[in-house]
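Only one chain comes next, encoded as structure tokens, the form predicted alone.
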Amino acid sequence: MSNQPPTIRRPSVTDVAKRAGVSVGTVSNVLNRPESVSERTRAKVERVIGELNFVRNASARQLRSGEVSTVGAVVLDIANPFFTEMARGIEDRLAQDDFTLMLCSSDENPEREARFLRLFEERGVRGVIATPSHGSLDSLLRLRDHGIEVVLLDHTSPVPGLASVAVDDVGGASLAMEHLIGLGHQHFAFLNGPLNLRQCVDRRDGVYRTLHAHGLDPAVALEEIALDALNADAGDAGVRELWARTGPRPTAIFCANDFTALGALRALSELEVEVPGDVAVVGYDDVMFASMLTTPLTSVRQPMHTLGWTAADMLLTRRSSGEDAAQVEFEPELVVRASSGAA
């Protein structure tokens, strides 16, 4: 005897039509163009829909119409609240036009990203929003050449005609360094991520520009730790590497994102280094937990929800209007809290 549960067949449009005593076309009109059906007939069909618990098959409808209401998005790490909040912004905008979101995480892996992009193309998504995990945009440009709208998220566009939404990360890193220099620090550490990520390159550029602008030689004033990822474990390891070195230790640490800063704070606590008494710490992104830590984290705030919402709006608007691709860049903001030692 089979242990499989019995298959329950979903009521179809034909079932509704038979019970209501109307044609399949009339049921379709009630669902899609109710104004074209008399009030009496519409009420009868709607009553039968309720009795049968009929739910329309959106996939079949999309196949018939040729219109797909799904947008694909691939981000670096959905476990990071920065990308979670951006994804919420995408979803909120898509929901306004009854679109759904297919969300994937590349984990900063180019091969994984390429697989998801192929999946999006196979599914025939309406468009793709992507935070590239490496320097090459070949896979995204191929999608665009195949007629799939593409918007870069948290990434400036180096290619004419490719839309993008980003933040001025050079300026954001400068805000962090200006803050620390203004507090009197002269010896810094910079916990940075992989340089195949545009964000890490730009934030590094901002650090070096600011040091030079203040007459500080990075070879003397800065210890840069190249992390293999932008997460808490990498930040923890970066601090332990710093404290294992000989010579003077930095009095201020700038972290390429808040997840890295979270790991740095954990390591500093275990090493019995006081924050901000012994060392100041500044993060980047200003995710939700930054203000909730035992020592609240000073951080460069990015408009995360707005970034996602704007990317989705650009994709939908440009798809329907044929507008030229735009490159939108937002300005970051420094949020000062206790971790940097400034009240």
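Fair warning: this is a prediction, and the values are worked out from it, not measured in the lab. Don't overthink the numbering: it's just position in the shown sequence, from 1.
There is also a form predicted together with a small molecule; it is not shown, and the following applies to it.
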Checklist entry - Should N80 be counted as a contact of the small molecule in the predicted bound form, where contact means heavy atoms within 4.5 Å? => result yes
Checklist entry - Q199: heavy atom within 4.5 Å of the small molecule in the predicted bound form? => result yes
Next on the checklist: If we define contact as a non-hydrogen atom of the residue within 4.5 angstroms of the partner, is Q302 a contact of the small molecule in the predicted bound form?
Outcome noted: yes
Checklist entry - Is the gap between L76 and the small molecule in the predicted bound form 4.5 Å or less for some heavy atom pair? => result yes
Checklist outcome for this item: The stretch from 278 to 286, 26 to 34, 310 to 318, 44 to 52 that lies within 4.5 Å of the small molecule in the predicted bound form, judged by heavy atoms, is 278 to 286
Item to check | Interface residue in the predicted bound form among L191, A176, L230, V165, criterion: non-hydrogen atom within 4.5 angstroms of the small molecule | outcome: L230
